[in-house]
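As a starting point, one isolated chain is supplied in structure tokens, in the form predicted on its own.
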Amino acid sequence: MKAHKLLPLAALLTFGCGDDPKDDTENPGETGDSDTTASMCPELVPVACEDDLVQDLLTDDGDVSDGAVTTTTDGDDFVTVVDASAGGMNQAANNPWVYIRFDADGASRVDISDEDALESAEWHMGLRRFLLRMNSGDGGPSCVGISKMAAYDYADLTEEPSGVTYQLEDFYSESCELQMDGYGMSPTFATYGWWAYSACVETTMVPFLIQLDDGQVLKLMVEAYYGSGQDDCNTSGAAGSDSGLLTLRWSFL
């Protein structure tokens, strides 16, 4: 069964990927401790539409992306720049995704091929051009959840709001038909809404909460899709340069 659910924090802390939440009043414990790590995602869940995912969105030649991932700090935030250019727009389909994981020292690249990523919990997010997918549901075998926080500014998210639910990737139908967004440019990834398009890829500055497989929660916003010129794109529709060089601002809550 496909792991397509909107789960509240408590449910995700108590049940693993693909399990159905049931009433349970037991305290799940502090996020990030060893017990929570064991309960969040006790086993990997095979991707239901794996063959279609490989054919539609991944590469199967065993290549590993060498896109640079660098992380610096800015006050309380990490700023991670990911080279997800993937050989340019015309070659992206022939290039592997960049896989990253978030930890206390920042975000780093996980050197893994697209196919091996479908059997790994080591990565949290995959990036290729403007496509961002989480390691859960239709996107991967783990249980990394995400929640779009459109009603908030990034700076105002200092703690997890009450009642937040975390979505697992759900971009295939039950019959494994790829579901596209309103632009027809991207599958309906759970990160939908970080960008808009008129004449260039604009950043909306909409923040997201991401719950990792160990229960830790971070806030994240995509600040730029272009290496330079993002502000001009956002304000006047003039495309920047170095497309696919994404800047992520994030911090743990």
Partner chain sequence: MIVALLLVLASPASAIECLTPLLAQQRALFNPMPTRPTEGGMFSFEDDDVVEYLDSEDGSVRVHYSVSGSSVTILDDDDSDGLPDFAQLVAATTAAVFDHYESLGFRRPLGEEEMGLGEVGGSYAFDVYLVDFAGQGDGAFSADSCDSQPNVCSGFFMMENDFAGYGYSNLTQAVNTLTSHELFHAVQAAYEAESPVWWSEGTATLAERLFDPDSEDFIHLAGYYLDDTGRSLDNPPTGPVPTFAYATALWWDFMNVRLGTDAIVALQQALEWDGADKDTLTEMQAVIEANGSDLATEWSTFTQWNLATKFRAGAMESHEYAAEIGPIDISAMGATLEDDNRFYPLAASYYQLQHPGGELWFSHDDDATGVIFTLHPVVDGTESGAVEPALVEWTPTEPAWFQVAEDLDAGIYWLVGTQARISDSSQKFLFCLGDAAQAEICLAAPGDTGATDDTGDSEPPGKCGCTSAPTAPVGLGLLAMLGLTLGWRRRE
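Numbering follows the first chain given and starts at 1. Note that the structure is a prediction, hence the values are computed from the model and not measured.
Just so it is clear, the following notes concern the form predicted in complex with its partner chain, a form of the same protein that is not shown.
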{"property": "Distance check, T204 to its partner chain in the predicted bound form, heavy atom within 4.5 Å", "result": "no"}
{"property": "Y154 within 4.5 Å of its partner chain in the predicted bound form, heavy atoms", "result": "no"}
{"property": "Residue contact check: L178 to its partner chain in the predicted bound form, 4.5 Å heavy atom", "result": "yes"}
{"property": "D56, heavy atom within 4.5 angstroms of its partner chain in the predicted bound form", "result": "yes"}
{"property": "Which of 99-107, 84-92, 154-162, 133-141 lines the interface with its partner chain in the predicted bound form (heavy atom within 4.5 Å)", "result": "84-92"}
{"property": "Interface residues of 165-188 toward its partner chain, as seen in the predicted bound form [heavy atoms, 4.5 Å]", "result": "L178, M180, Y183, G184, M185"}
